[in-house]
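First comes one chain, alone, set out as structure tokens in the form predicted on its own.
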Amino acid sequence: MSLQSTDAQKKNSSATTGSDTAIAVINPATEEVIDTVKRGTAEDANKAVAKAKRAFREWSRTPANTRAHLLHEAAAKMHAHKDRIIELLTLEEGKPVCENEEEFEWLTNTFDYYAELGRHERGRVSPSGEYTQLNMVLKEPYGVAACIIPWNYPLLLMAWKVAPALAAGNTVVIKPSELTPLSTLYIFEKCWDHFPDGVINIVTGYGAEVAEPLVLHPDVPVIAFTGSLAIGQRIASLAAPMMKKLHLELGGKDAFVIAEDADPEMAARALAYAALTNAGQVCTSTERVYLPSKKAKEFTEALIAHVKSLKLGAGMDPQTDMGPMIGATYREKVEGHVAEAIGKGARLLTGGKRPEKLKVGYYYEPTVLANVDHNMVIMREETFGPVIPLMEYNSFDEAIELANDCMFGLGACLLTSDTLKAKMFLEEVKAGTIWINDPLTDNYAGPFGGMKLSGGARELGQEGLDEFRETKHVHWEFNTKPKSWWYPYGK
């Protein structure tokens, strides 16, 4: 099967021209090559920025209603290509089709949402100091926005950046992950061809060779990135001398607290979904679980029974509950975290190995550990895999302290019907999103982002649009006579 991605890149100069070296895109379920894309260079990045910069003046002047129409048209074209987009996404990324159908809905709805929000307002009028004056606060596009996209949700997280950036009047250069570029390139060719030339640009390649030149480019004032803390820190250090606008959504180590009143069967299903969706490869995956000591045995037994019932397999198989991990190095990291925890006294309850029946593909069994503590790497650093570590607590105050005992603050979950516990949790836990009884559900109108080392960016909602707009204050005096307080002071 071939995407003909290289042909797509040749047809449109906004895509990578690249070096002669190709990057193989691997199906993580079969370890087979799906297709190849060009390995971009710094020269490609520079050309894309130049093209985006040339297009910016006209695009920023384009009426908001026109921009909205183009964004809506993009969403409509994506719907026309839905089956192919979902197929490519499943083959290159690995998660089940049903999860990619949900990602597709987020992709199209995000474009539709920001199409409307982008023409709603561009600032405000403030009360003036004098009757003859007008004070306005204007929100304006920055210019060229570099959008550096991760592999785990390559279309959703692309849309969360590109749609608001375009709606605000910016042009964009997209750098998809070298692991999952195919679905983005397909959309570029089939669904964005109606945008003015240079408004949307794509450069494929590796981070050091393509993304860093974008970060360092003087004509790129905004860097929007989702990924690891280490790469985010690298981007921040490179961009700091130029005082660029940084839109960084970094790692997570989300806590999941189960209160005593929660139903064990419901808790097992909610927890498994929060921890194992996309094989645990979600920035908001549950990676730390806190159980009340008095009911820990009951909750644990329900969880193990539910996890053991899940089916591993290729994402294209409709019976699959959990697909493969994205690659060998990512699986090895998970194996290292689990081994370190067991070496320090953690107890393996289920999983903890590669499935014997699936010899090919980057699979790892959904794993449950007990007797963990915060001295273990698996409770401190982002694991990004299908592991559920369980730790007991004796009081709800202790549970909140444990939830906050982390350098990350992206999200946190709570299961309870106790309204006082819910209020304590949402007010005292330091995380950008708090889920109570409904883990990992997002809202187009609600901002998504983290606290602490998870980064301070916000995507979705009004906040997501404002990330791509800078503020200007306009003070306008209609009376052109000299002011009494002007020089000279001596008169």
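The numbering used is simple: start at 1 and walk along the sequence shown. Remember, it's a predicted structure, so these values are computed and weren't measured experimentally.
The next section is about a form of this same protein that is not shown, the form predicted together with nicotinamide-adenine-dinucleotide.
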item	value
All of P292, S395 and I400 within 4.5 Å of nicotinamide-adenine-dinucleotide in the model of the complex, heavy atom check	no
In the model of the complex, the one of F104, F384, Y362, F256 near nicotinamide-adenine-dinucleotide [non-hydrogen atom within 4.5 angstroms]	F384
Option touching nicotinamide-adenine-dinucleotide, based on a heavy atom within 4.5 Å in the model of the complex, out of P96, P176, G118, G409	P176
Proximity to nicotinamide-adenine-dinucleotide in the model of the complex (heavy atom, within 4.5 Å), stretch among 130 to 138, 78 to 86, 351 to 359, 208 to 216	208 to 216
Exercise: P150 in contact with nicotinamide-adenine-dinucleotide in the model of the complex, heavy atom 4.5 Å	yes
4.5 Å heavy atom contact, P164 and nicotinamide-adenine-dinucleotide in the model of the complex	no
4.5 Å heavy atom contact, R234 and nicotinamide-adenine-dinucleotide in the model of the complex	yes
Contact label in the model of the complex: F225 to nicotinamide-adenine-dinucleotide, heavy atom within 4.5 Å	yes
Residues within 4.5 Å of nicotinamide-adenine-dinucleotide in the model of the complex, restricted to 249 to 269 and counted by heavy atom	E249, L250, G251, G252
